[in-house]
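Only one chain is included here, represented as structure tokens and corresponding to the form predicted alone.
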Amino acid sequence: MLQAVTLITGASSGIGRALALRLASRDIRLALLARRSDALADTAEAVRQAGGFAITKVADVTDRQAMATAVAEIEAEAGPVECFIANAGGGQRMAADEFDADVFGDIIAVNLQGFANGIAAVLPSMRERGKGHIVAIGSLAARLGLPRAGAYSAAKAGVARLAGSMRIELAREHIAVTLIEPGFVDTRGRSKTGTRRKPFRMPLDEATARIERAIDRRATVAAFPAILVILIAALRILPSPVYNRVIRRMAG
């Protein structure tokens, strides 16, 4: 009988790769999915060297059929997806004077439509078995509009609302939905010198440790760091001119 697996999208780098390596040491069977085959293979090899199990599938989360096929193959080859971690995402800075609707659409596609495509692929099996866990890696950017990051903020706000809606509906079927909302995470190992650092930037290891704990306890929402969560809440009650100055400074 095939054992259950945890599927991580965007597993070739950043939070996805770091989280896979953390889970590998716990004898959690992993299915890793990303677009870049070489980087994905490197992640899988690192998982195996850590004593873990990993199956890989190269697919683009924005391609609904590719996601459905990848999940079907994973479940046939390795076992049912018990936990789906929708980590694939990203964006690029785009100022108002260079706004491009096509770029906006691409960012929405990978962050929000990609999450929806993943849900559509894993949910039928979870509902049939009467259990499962969907984890959305969102962002605190969903809680406010950051300058030059309107598309990303909008996409992550959509992720948050979709996760919240699905959580209510699926609770009666014993399928948990967890929304993770990190602040700024240092996913690229930037140097401390020569680069302007965003406030409250969190090391990748610390962020993935918090994500792991939230998944383990099947949290409803896990947002961090606390100081940034509190600051964002406080900003909402400030006069607009003050709010605008603080947000511009935070965005850099």
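Note that this is a predicted model, so its numbers are computed, not measured. The first residue of the shown sequence is 1; numbering continues from there.
Just so you know, the form predicted together with a small molecule exists too; it's not on screen, but the next bit is about it.
The contact with the small molecule in the predicted bound form, taken as any heavy atom within 4.5 Å, belongs to A34 out of A34, A223, A70, A44. Heavy atoms within 4.5 Å of the small molecule in the predicted bound form map, among the stretches 122-130, 165-173, 80-88, 95-103, onto 80-88 alone. Taking the partner from elsewhere, every residue among A59, S139 and T187 has a non-hydrogen atom within 4.5 angstroms of the small molecule in the predicted bound form. For the chain shown alone, A11 is a contact residue for the small molecule in the predicted bound form, at least one non-hydrogen atom being within 4.5 angstroms. Although the partner is absent here, V110 lies within 4.5 Å of the small molecule in the predicted bound form, judged by heavy atoms.
Within this chain, I15 lines the site of the small molecule in the predicted bound form, having a heavy atom no more than 4.5 Å away.
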